[in-house]
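Coming up is one lone chain in structure tokens, specifically the form predicted on its own.
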Amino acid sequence: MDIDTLTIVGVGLIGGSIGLAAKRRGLARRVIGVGRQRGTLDDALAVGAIDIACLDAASAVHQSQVTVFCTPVDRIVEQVVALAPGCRPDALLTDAGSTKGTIVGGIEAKLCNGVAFVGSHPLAGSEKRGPLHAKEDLFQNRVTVVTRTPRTSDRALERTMEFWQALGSRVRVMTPDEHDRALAMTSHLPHLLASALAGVLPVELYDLAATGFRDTTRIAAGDPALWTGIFAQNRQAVLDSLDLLQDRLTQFKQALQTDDQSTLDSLLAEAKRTRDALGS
């Protein structure tokens, strides 16, 4: 894949890492970063994630072959629909949002000028924010989900897959609904659980919260506003996953209440097998 101009709308950790990877791998001749805060754009320039900083999204997007929207999930639909008119005929628009049903459905319902949009979600990142934490190898050997719907053109899907593969990702194609149900369990529920656990820690126990507690709650340090949007957009799937977790917590609680050490051992052993299978 050979891109003359790549635009990244939102040059935080993910957007900055896309820019670094695209530049270091020779995927794009020029990378434009779009943002609302001059300081963030200056940081992206300083680390080499972008070549040009731009506060005017339309002027950047309309000259680009590929644009990736890396903004919070509750902004992506509005941004894509507003900026699609005026795009060049060969333009490809994609995103990096953690939800897909609301985003893809909302864009496909309003996008009618022939511009191609394909939903994407790279399963990479951290609780840290901003381009100063961006990494050129963030997507190396990490899965990126690319979504297909009945309205997705084969060529646009192929180009989107090529783009993420060129950044080092392993691509998996799913429907938006399949993505949202899967990520509710593997990403959104863990964040909810980490936040709940961190939220019940009394101040007087802070100095006793050692490695186990800190590792388990690390992702709770993520941006609250960002995660509020994710939970809102994927509400039903998160609720379904939460029901499964509550069932398992009930099993643990009942085993503790009845001093059923055999069941406790069985539950812990099952968890260990699953975690061991995931690797380090």
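No experiment lies behind these values; they were computed from the predicted model shown. Just count from 1 along the sequence shown to find any residue number.
There is another form of the same protein, the form predicted in complex with a further copy of the same chain; it is not shown, and what comes next is about it.
Proximity to a further copy of the same chain in the predicted complex, defined as a heavy atom within 4.5 Å, singles out one entry of Ala156, Leu132, Met174, Ala166, which is Met174. Ala109 falls outside the set of residues with a heavy atom inside 4.5 Å of a further copy of the same chain in the predicted complex. Taking non-hydrogen atoms only, Ile219 approaches a further copy of the same chain to within 4.5 angstroms in the predicted complex. Though the partner is left out of this view, Val238 does reach within 4.5 Å of a further copy of the same chain in the predicted complex, counting heavy atoms only. For Arg25, no non-hydrogen atom is located within 4.5 Å of a further copy of the same chain in the predicted complex, even though that partner is not displayed. Residues placing heavy atoms within 4.5 Å of a further copy of the same chain in the predicted complex fall in a single listed stretch, namely 251-259, out of 251-259, 64-72, 47-55, 33-41. Residues in 64-99 all lack a heavy atom within 4.5 Å of a further copy of the same chain in the predicted complex.
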